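Heads up, the chain below is alone and in the form predicted on its own; it's given as structure tokens.
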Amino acid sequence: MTPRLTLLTDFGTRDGYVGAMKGVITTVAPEVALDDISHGVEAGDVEGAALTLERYWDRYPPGTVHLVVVDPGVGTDRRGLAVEADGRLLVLPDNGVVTRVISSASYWRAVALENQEFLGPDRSSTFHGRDVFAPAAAHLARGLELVRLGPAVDDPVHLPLPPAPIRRDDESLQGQVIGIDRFGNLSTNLPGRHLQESVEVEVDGRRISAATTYGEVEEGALLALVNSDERVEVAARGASAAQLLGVEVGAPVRLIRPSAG
């Protein structure tokens, strides 16, 4: 089977940084199939990258290598990691970007990227994506055993995940916005199973009715629905819910029945 390697970065596509990484990867593993997930993560947005990674890492078959470089701590003493989780392999900085993967995996193990044999010979202090992570990922794609990259790590950095939704005295369910996509849709930490026709979603004091699809409302109207991640989402047909509501990640969201206060 052709080895497969995915890339997720905040590099954009204008400046050749992604190309430099691909050059290293294909030099080490010319047979690898490369999938660009995204290079449009907001610069340094580790939490956003973690949420994006959660969306696809286990959709790929076992043996896939996921390379993630969103690394505001490049050049510092933060570790580089290689992780095996439920049969998939990940190479990334130890800055919390793997939090959602290891929180949902049935098993995982990790090592630090320390074996110089499998890293680039000349390492820039500003481009570990090319000089550390890309060669390590390429060697894994060729079949290198994880343990050969370095010593075991049992304490990878964890991002603080949003607290579980809270059931309030009036039987409403309190959560928060955890992500905003390019359409301006608000993803929340509220499980989709709680959204019913008899429930409304309140964001910043504004109540929004539940729907099943975007097409059920008028152009520009707000709606709440269950998104593809099985979470409650607040959206606007043909518009940005984030802009219409003027909210950001972390904004409180409440599931309520129309008769509730």
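Numbering starts at 1 and runs along the sequence shown. Just so it is clear, the model here is predicted, and its values are computed rather than measured.
Although it is not shown, the form predicted in complex with another copy of the chain is what the next lines describe.
Shown alone, this chain has one stretch from 160 to 168, 110 to 118, 92 to 100, 126 to 134 that lies within 4.5 Å of another copy of the chain in the predicted bound form by heavy atoms: 126 to 134.
None of the heavy atoms of residue 193 is located within 4.5 Å of another copy of the chain in the predicted bound form. Under a 4.5 angstroms non-hydrogen atom cutoff, another copy of the chain in the predicted bound form lacks residue 252 among its neighbouring residues.
Of the heavy atoms in residue 40, some are within 4.5 Å of another copy of the chain in the predicted bound form. The closest non-hydrogen atom of residue 87 lies beyond 4.5 Å of another copy of the chain in the predicted bound form. Contacts to another copy of the chain in the predicted bound form (heavy atom within 4.5 Å) from stretch 70 to 105: 74, 75, 76.
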